[in-house]
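First, one chain by itself in C-alpha coordinates, the form predicted on its own.
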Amino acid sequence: MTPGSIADAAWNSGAFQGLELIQDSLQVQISHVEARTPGEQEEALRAYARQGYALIFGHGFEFQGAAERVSAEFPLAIFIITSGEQLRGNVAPMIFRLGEATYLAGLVAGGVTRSNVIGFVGGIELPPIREAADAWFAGARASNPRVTTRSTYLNTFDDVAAGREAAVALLRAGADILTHNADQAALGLFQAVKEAPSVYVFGANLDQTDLAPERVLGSAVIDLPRAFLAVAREVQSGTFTPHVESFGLASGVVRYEPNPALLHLLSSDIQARVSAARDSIIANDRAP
(Lines give C-alpha, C1' and ligand atoms only; values in the text may rest on other atoms or scores of the structure.)
Protein backbone atom coordinates (compact mmCIF):
# COMPACT_ATOMS: atom_id res chain seq x y z
CA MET A 1 0.00 0.00 0.00
CA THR A 2 1.27 3.44 -0.91
CA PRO A 3 -0.13 6.71 0.45
CA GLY A 4 0.08 8.33 -2.99
CA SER A 5 0.61 7.85 -6.70
CA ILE A 6 3.33 5.52 -7.97
CA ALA A 7 3.86 8.07 -10.77
CA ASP A 8 5.58 10.47 -8.37
CA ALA A 9 9.12 9.55 -9.55
CA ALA A 10 10.08 9.37 -5.87
CA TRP A 11 8.93 7.60 -2.70
CA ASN A 12 5.92 5.70 -4.04
CA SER A 13 7.47 4.97 -7.41
CA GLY A 14 10.43 3.31 -5.68
CA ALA A 15 8.11 1.13 -3.62
CA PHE A 16 6.29 -0.11 -6.71
CA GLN A 17 9.62 -0.90 -8.35
CA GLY A 18 10.40 -2.97 -5.27
CA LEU A 19 7.11 -4.82 -5.59
CA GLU A 20 7.82 -5.62 -9.24
CA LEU A 21 11.34 -6.81 -8.36
CA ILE A 22 9.88 -9.19 -5.78
CA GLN A 23 7.51 -10.60 -8.39
CA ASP A 24 10.24 -11.04 -10.99
CA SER A 25 12.83 -12.46 -8.60
CA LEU A 26 10.69 -14.73 -6.42
CA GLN A 27 7.84 -15.59 -8.80
CA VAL A 28 5.13 -14.64 -6.31
CA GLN A 29 1.75 -12.98 -6.59
CA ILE A 30 1.76 -9.23 -5.90
CA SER A 31 -0.85 -6.52 -5.56
CA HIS A 32 -0.80 -2.76 -5.08
CA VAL A 33 -3.34 -0.21 -3.91
CA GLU A 34 -3.23 3.48 -3.05
CA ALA A 35 -4.56 4.21 0.43
CA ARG A 36 -4.48 7.90 1.27
CA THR A 37 -6.64 8.40 4.35
CA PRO A 38 -6.28 6.65 7.74
CA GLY A 39 -9.55 4.82 7.16
CA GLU A 40 -8.52 3.63 3.70
CA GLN A 41 -5.14 2.53 5.03
CA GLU A 42 -6.56 0.39 7.80
CA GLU A 43 -9.13 -1.19 5.51
CA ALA A 44 -6.51 -1.95 2.84
CA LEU A 45 -4.24 -3.60 5.41
CA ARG A 46 -7.14 -5.69 6.69
CA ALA A 47 -8.22 -6.67 3.18
CA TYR A 48 -4.77 -7.92 2.20
CA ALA A 49 -4.41 -9.90 5.43
CA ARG A 50 -7.86 -11.41 4.97
CA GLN A 51 -6.93 -12.45 1.42
CA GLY A 52 -3.95 -14.38 2.77
CA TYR A 53 -1.01 -12.25 1.67
CA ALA A 54 2.05 -13.37 3.63
CA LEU A 55 3.96 -10.08 3.39
CA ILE A 56 2.23 -6.71 3.48
CA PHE A 57 4.07 -3.40 3.05
CA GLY A 58 2.51 -0.24 4.46
CA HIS A 59 4.67 2.29 2.67
CA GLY A 60 5.04 5.13 5.12
CA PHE A 61 5.22 6.19 8.75
CA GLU A 62 1.49 6.89 8.70
CA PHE A 63 0.64 3.15 8.39
CA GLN A 64 2.12 2.21 11.79
CA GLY A 65 -0.94 2.58 14.00
CA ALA A 66 -3.32 0.93 11.56
CA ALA A 67 -0.94 -2.00 11.07
CA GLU A 68 -0.70 -2.58 14.81
CA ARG A 69 -4.50 -2.72 15.10
CA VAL A 70 -4.96 -5.03 12.11
CA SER A 71 -2.04 -7.33 12.96
CA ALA A 72 -3.69 -8.39 16.18
CA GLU A 73 -6.40 -10.04 14.06
CA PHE A 74 -3.97 -11.69 11.63
CA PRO A 75 -0.92 -13.02 13.51
CA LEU A 76 0.39 -15.09 10.57
CA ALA A 77 0.91 -12.13 8.22
CA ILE A 78 4.09 -10.05 8.27
CA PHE A 79 3.49 -6.29 8.17
CA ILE A 80 6.46 -4.11 7.14
CA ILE A 81 6.09 -0.38 7.75
CA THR A 82 8.62 1.66 5.80
CA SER A 83 9.89 4.55 7.94
CA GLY A 84 8.00 2.85 10.75
CA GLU A 85 8.12 3.82 14.38
CA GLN A 86 8.43 0.65 16.45
CA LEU A 87 8.46 -3.15 16.52
CA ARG A 88 5.16 -4.55 17.74
CA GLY A 89 4.41 -8.26 17.37
CA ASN A 90 4.32 -9.11 13.66
CA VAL A 91 4.62 -5.43 12.67
CA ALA A 92 8.22 -4.54 11.85
CA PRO A 93 9.62 -1.14 10.89
CA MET A 94 12.00 -0.65 8.00
CA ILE A 95 13.90 2.51 8.87
CA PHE A 96 15.91 4.49 6.34
CA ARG A 97 18.44 6.91 7.79
CA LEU A 98 18.04 9.25 4.85
CA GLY A 99 19.56 12.06 6.89
CA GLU A 100 22.98 10.48 6.34
CA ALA A 101 22.57 11.14 2.60
CA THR A 102 20.84 14.51 2.94
CA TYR A 103 23.68 15.70 5.19
CA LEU A 104 26.10 15.08 2.29
CA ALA A 105 23.72 16.90 -0.05
CA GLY A 106 23.66 19.76 2.44
CA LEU A 107 27.45 20.02 2.35
CA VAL A 108 27.14 20.48 -1.40
CA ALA A 109 24.31 23.00 -1.06
CA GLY A 110 26.32 25.13 1.34
CA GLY A 111 29.27 25.13 -1.02
CA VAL A 112 27.31 25.99 -4.17
CA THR A 113 24.80 28.59 -2.95
CA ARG A 114 25.57 32.18 -3.91
CA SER A 115 22.67 33.84 -2.11
CA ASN A 116 23.38 31.88 1.11
CA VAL A 117 19.67 31.08 1.30
CA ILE A 118 18.48 27.49 0.81
CA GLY A 119 14.95 26.10 0.98
CA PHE A 120 13.13 22.85 1.69
CA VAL A 121 9.61 21.80 0.64
CA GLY A 122 8.02 18.93 2.54
CA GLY A 123 4.75 17.14 2.00
CA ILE A 124 3.41 16.32 5.47
CA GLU A 125 5.59 17.05 8.50
CA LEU A 126 6.24 13.47 9.56
CA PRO A 127 9.23 12.70 11.82
CA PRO A 128 11.42 10.97 9.17
CA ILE A 129 10.83 13.83 6.73
CA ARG A 130 11.66 16.48 9.30
CA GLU A 131 14.79 14.58 10.37
CA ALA A 132 16.11 14.34 6.81
CA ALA A 133 15.44 18.04 6.24
CA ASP A 134 17.23 18.98 9.47
CA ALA A 135 20.25 16.92 8.39
CA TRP A 136 20.30 18.76 5.04
CA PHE A 137 20.31 22.10 6.80
CA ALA A 138 23.03 20.90 9.19
CA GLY A 139 25.24 19.83 6.30
CA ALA A 140 24.79 23.17 4.60
CA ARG A 141 25.72 25.08 7.75
CA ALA A 142 28.76 22.83 8.27
CA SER A 143 30.22 23.85 4.92
CA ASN A 144 28.91 27.43 4.97
CA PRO A 145 28.08 29.03 8.37
CA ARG A 146 26.50 32.01 6.58
CA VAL A 147 23.66 29.91 5.22
CA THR A 148 20.08 30.89 6.07
CA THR A 149 17.52 28.08 5.91
CA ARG A 150 13.84 28.20 5.04
CA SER A 151 11.28 25.41 4.94
CA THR A 152 7.61 24.94 4.17
CA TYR A 153 5.21 22.01 4.45
CA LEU A 154 2.29 21.54 2.07
CA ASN A 155 0.13 19.21 4.18
CA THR A 156 -0.19 17.09 1.04
CA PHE A 157 1.97 14.81 -1.07
CA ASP A 158 -0.19 15.06 -4.17
CA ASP A 159 -0.75 18.70 -5.11
CA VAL A 160 1.71 19.54 -7.90
CA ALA A 161 0.46 23.13 -8.11
CA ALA A 162 1.04 23.62 -4.38
CA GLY A 163 4.57 22.26 -4.76
CA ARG A 164 5.28 24.76 -7.51
CA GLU A 165 3.82 27.66 -5.53
CA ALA A 166 5.88 26.77 -2.45
CA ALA A 167 9.05 26.61 -4.54
CA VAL A 168 8.32 29.94 -6.20
CA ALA A 169 7.79 31.54 -2.78
CA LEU A 170 11.15 30.22 -1.57
CA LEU A 171 12.88 31.51 -4.69
CA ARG A 172 11.32 34.93 -4.19
CA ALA A 173 12.66 34.85 -0.62
CA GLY A 174 16.16 34.54 -2.05
CA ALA A 175 16.76 30.79 -2.07
CA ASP A 176 18.91 29.57 -4.93
CA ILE A 177 19.18 25.92 -3.79
CA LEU A 178 16.12 23.78 -3.03
CA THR A 179 15.41 20.26 -1.93
CA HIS A 180 12.23 18.41 -1.02
CA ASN A 181 10.53 15.37 0.39
CA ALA A 182 7.12 15.86 -1.14
CA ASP A 183 6.53 12.92 -3.51
CA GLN A 184 4.25 13.86 -6.43
CA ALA A 185 3.86 17.45 -5.23
CA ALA A 186 7.60 17.91 -5.81
CA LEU A 187 7.06 17.66 -9.56
CA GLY A 188 5.81 21.24 -9.28
CA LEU A 189 9.01 22.20 -7.48
CA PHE A 190 11.08 20.89 -10.38
CA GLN A 191 8.93 22.92 -12.78
CA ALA A 192 9.64 26.08 -10.81
CA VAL A 193 13.37 25.39 -10.71
CA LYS A 194 13.58 24.85 -14.46
CA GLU A 195 11.82 28.18 -15.03
CA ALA A 196 14.19 30.18 -12.81
CA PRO A 197 17.77 31.10 -13.78
CA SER A 198 20.77 30.02 -11.69
CA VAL A 199 18.75 27.84 -9.31
CA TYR A 200 19.64 24.26 -8.40
CA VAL A 201 17.81 21.42 -6.69
CA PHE A 202 18.38 18.05 -5.04
CA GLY A 203 16.32 14.94 -5.65
CA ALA A 204 14.86 12.82 -2.86
CA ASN A 205 14.22 9.10 -2.43
CA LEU A 206 15.09 8.23 -6.05
CA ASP A 207 17.81 9.57 -8.34
CA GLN A 208 15.80 12.42 -9.86
CA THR A 209 18.47 13.79 -12.18
CA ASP A 210 16.32 13.08 -15.23
CA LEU A 211 13.63 15.50 -14.01
CA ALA A 212 15.99 18.45 -14.57
CA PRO A 213 19.41 17.24 -15.76
CA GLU A 214 20.94 20.71 -15.86
CA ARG A 215 19.66 21.70 -12.39
CA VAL A 216 19.81 18.59 -10.18
CA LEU A 217 23.07 18.67 -8.22
CA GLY A 218 22.48 15.22 -6.75
CA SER A 219 19.90 13.04 -5.04
CA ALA A 220 19.50 11.48 -1.59
CA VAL A 221 18.49 7.99 -2.67
CA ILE A 222 16.76 5.09 -0.95
CA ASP A 223 17.17 1.84 -2.89
CA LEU A 224 13.71 0.59 -1.99
CA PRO A 225 13.73 -2.36 -4.41
CA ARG A 226 16.90 -3.74 -2.81
CA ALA A 227 15.47 -3.39 0.70
CA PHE A 228 12.07 -4.83 -0.22
CA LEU A 229 13.57 -7.86 -1.96
CA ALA A 230 15.84 -8.64 0.99
CA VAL A 231 12.87 -8.87 3.35
CA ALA A 232 10.75 -10.82 0.86
CA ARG A 233 13.50 -13.42 0.41
CA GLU A 234 13.56 -14.03 4.17
CA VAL A 235 9.78 -14.29 4.38
CA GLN A 236 9.65 -16.73 1.46
CA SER A 237 12.40 -18.91 2.95
CA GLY A 238 10.75 -18.91 6.38
CA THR A 239 13.76 -17.33 8.08
CA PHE A 240 12.23 -13.91 8.76
CA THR A 241 11.62 -12.89 12.34
CA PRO A 242 10.16 -9.45 13.05
CA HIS A 243 12.89 -6.97 13.93
CA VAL A 244 13.84 -3.34 13.40
CA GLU A 245 15.63 -3.11 10.04
CA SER A 246 17.65 0.08 9.77
CA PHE A 247 19.53 1.18 6.65
CA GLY A 248 22.15 3.92 6.37
CA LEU A 249 25.02 4.74 4.04
CA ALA A 250 26.99 1.67 5.13
CA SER A 251 24.23 -0.61 3.82
CA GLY A 252 24.28 0.80 0.30
CA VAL A 253 20.50 1.09 0.46
CA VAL A 254 20.78 4.78 1.40
CA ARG A 255 23.10 6.73 -0.90
CA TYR A 256 23.99 10.21 -2.05
CA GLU A 257 24.13 10.17 -5.85
CA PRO A 258 25.83 13.24 -7.38
CA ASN A 259 24.97 14.40 -10.88
CA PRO A 260 28.27 13.88 -12.75
CA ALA A 261 27.38 16.61 -15.25
CA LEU A 262 27.37 19.26 -12.51
CA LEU A 263 30.38 18.21 -10.45
CA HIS A 264 32.31 21.12 -11.99
CA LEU A 265 30.20 23.45 -9.82
CA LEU A 266 31.79 22.01 -6.67
CA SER A 267 35.13 23.22 -5.40
CA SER A 268 37.78 20.61 -4.65
CA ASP A 269 37.37 21.46 -0.96
CA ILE A 270 33.64 20.67 -0.98
CA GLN A 271 34.19 17.44 -2.88
CA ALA A 272 36.80 16.42 -0.32
CA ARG A 273 34.46 17.29 2.56
CA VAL A 274 31.66 15.18 1.08
CA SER A 275 33.99 12.22 0.61
CA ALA A 276 35.42 12.53 4.13
CA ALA A 277 31.98 12.88 5.72
CA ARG A 278 30.67 9.85 3.85
CA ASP A 279 33.66 7.74 4.96
CA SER A 280 33.26 8.90 8.56
CA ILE A 281 29.52 8.12 8.68
CA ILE A 282 30.10 4.64 7.26
CA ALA A 283 33.00 3.94 9.64
CA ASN A 284 30.94 4.98 12.66
CA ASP A 285 28.04 2.79 11.54
CA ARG A 286 30.29 -0.24 11.18
CA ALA A 287 32.15 0.33 14.44
CA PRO A 288 31.42 -2.29 17.17
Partner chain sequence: MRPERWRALTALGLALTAGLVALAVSLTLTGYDAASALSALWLGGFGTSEGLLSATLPRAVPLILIGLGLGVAFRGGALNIGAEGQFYAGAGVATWIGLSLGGWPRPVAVALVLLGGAGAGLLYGLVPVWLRLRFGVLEVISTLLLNFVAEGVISYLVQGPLMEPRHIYPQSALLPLAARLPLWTGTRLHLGMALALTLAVGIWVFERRTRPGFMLYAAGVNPSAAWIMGRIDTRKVFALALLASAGLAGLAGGAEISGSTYALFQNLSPGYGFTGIAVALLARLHPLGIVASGLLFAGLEAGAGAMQRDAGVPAVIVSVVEAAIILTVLLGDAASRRRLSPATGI
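All figures in this text were calculated on a predicted structure; none of them were measured in a lab. Numbering follows the first chain given and starts at 1.
In what follows, reference is made to the form predicted in complex with the partner chain, a form of this protein that is not presented.
Peer 1: To test your reading of this chain, name the stretch in 243-251, 258-266, 40-48, 222-230 whose heavy atoms come within 4.5 Å of the partner chain in the predicted bound form.
Peer 2: Selected range: 40-48.
Peer 1: Can you pick the one in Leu126, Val160, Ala138, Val117 that has a heavy atom within 4.5 Å of the partner chain in the predicted bound form?
Peer 2: Checking each option against the partner chain in the predicted bound form, the one that comes within 4.5 Å is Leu126.
Peer 1: Quick check on this chain: which one of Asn90, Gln208, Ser83, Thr113 has a heavy atom within 4.5 Å of the partner chain in the predicted bound form?
Peer 2: Only one listed residue qualifies here, and that residue is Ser83.
Peer 1: Is it the case that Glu73, even though its partner is missing from this view, gets within 4.5 Å of the partner chain in the predicted bound form, heavy atoms only?
Peer 2: Residue-level check for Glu73: yes, a contact with the partner chain.
Peer 1: According to a 4.5 angstroms non-hydrogen atom cut-off, is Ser237 in contact with the partner chain in the predicted bound form?
Peer 2: Contact with the partner chain, no.
Peer 1: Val33 near the partner chain in the predicted bound form, any heavy atom under 4.5 Å?
Peer 2: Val33 belongs to the contact set for the partner chain.
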